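First comes one chain, alone, set out as structure tokens in the form predicted alone.
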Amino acid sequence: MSINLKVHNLTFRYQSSPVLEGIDVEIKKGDFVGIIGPNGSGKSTLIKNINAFLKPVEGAVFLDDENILKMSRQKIARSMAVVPQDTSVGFNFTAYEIVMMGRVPHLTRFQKEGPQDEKIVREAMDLTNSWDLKDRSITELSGGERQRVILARAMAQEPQIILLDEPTAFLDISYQTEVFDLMRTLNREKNMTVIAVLHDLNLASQYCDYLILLKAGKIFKIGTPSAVMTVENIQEVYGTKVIISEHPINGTPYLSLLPKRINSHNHAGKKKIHIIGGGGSANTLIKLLYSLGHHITLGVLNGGDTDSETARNLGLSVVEELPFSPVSEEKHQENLGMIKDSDLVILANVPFGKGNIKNLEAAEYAVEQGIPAVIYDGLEITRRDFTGGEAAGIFHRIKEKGAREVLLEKELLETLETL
């Protein structure tokens, strides 16, 4: 039997306080779905509504075409298993007895467990590396050991859908990977549907096919990890700046937190700085000036350029041209507009050819308009002029018109203080 899950217009409140509102999502058999969002966004509440532990005030959850609230607990448990966030058990059962409880939905009222049930329990405990705990009391186990036993109990139910509410909360890194590798194996080889609530966004990105991003009880975004885990989405929902890069092995989005910017709350002394870079020449500058709290813009950069990627990862404004394309007049004018609004223009150590010489013209425009300009870390222009001398001519004019050349970060920061 193939079971699809549908959440239709689900709204839930605790007393008068709304927790979930208008949730619509359809999860197909064999999907691996992560539910992410900040604390209080409704992630665990959504899981509890899906499993009918809670009853929505509006809307419904359907397993195929059947409203889950009209199904018996036993019927639900045959299709769906839950690994809760809180794995505490108030009774002194052994780990083996706890896992055997997963067979209850498959037994009639007075039926005893048989050899097949024992086989399934052994397999579940082997899968979760908990067989060596079988004779120990559940109350004596550590949080991580108990989590593995509860996961084995869920496996023993032989569900088609497994709901995980922070399943690795008490597990070290090696067990976290082990648990999610197991979930992915079951998902791929047995076509089991996996729905997991996760705080670790990198785990969510690496293992899930789709992500549901919640904000204040509503769905903010649904899609692949690449579609959901963007700098803009994380900034909007979590209120923090991050860098999103590609995982070096599988290419999934990888999130790195940015430290708070130095004195970012204090705008005194902060400058609007426009950087003319390209090819990674401005990478260090971007990160340094961003960390100091300055307002940074860049242009014109080609799509996919290292400096452009760094800037976009930091959420900075960039005038961007198509990859491998020369700077168009339209983008040049957009660049000049950013320069007009700047307190300082910095010309990085950029090689110049016919395709980007307009960026050098933009730097000359800045000094002509009386906007302070700095040439940073200046490699001799003749070594990076691929225009037959045209770039060198503009470069020397920029210096003659007052652009200051600095070679060290210290000199650059001293120049900023004098503006």
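Residue numbers run from 1 along the displayed sequence. Fair warning: this is a prediction, and the values are worked out from it, not measured in the lab.
Note that the form predicted in complex with a small molecule isn't included here; everything after this is about it.
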Exercise: P38 in contact with the small molecule in the predicted complex, heavy atom 4.5 Å: yes
Tell me, yes or no, whether T45 is in contact with the small molecule in the predicted complex, where a contact means a heavy atom of each within 4.5 Å. yes
Residue-level contact is defined here as any heavy atom of the residue lying within 4.5 Å of the small molecule in the predicted complex; does V406 satisfy this criterion? no
Does any part of V25 reach within 4.5 Å of the small molecule in the predicted complex? Heavy atoms only, please. no
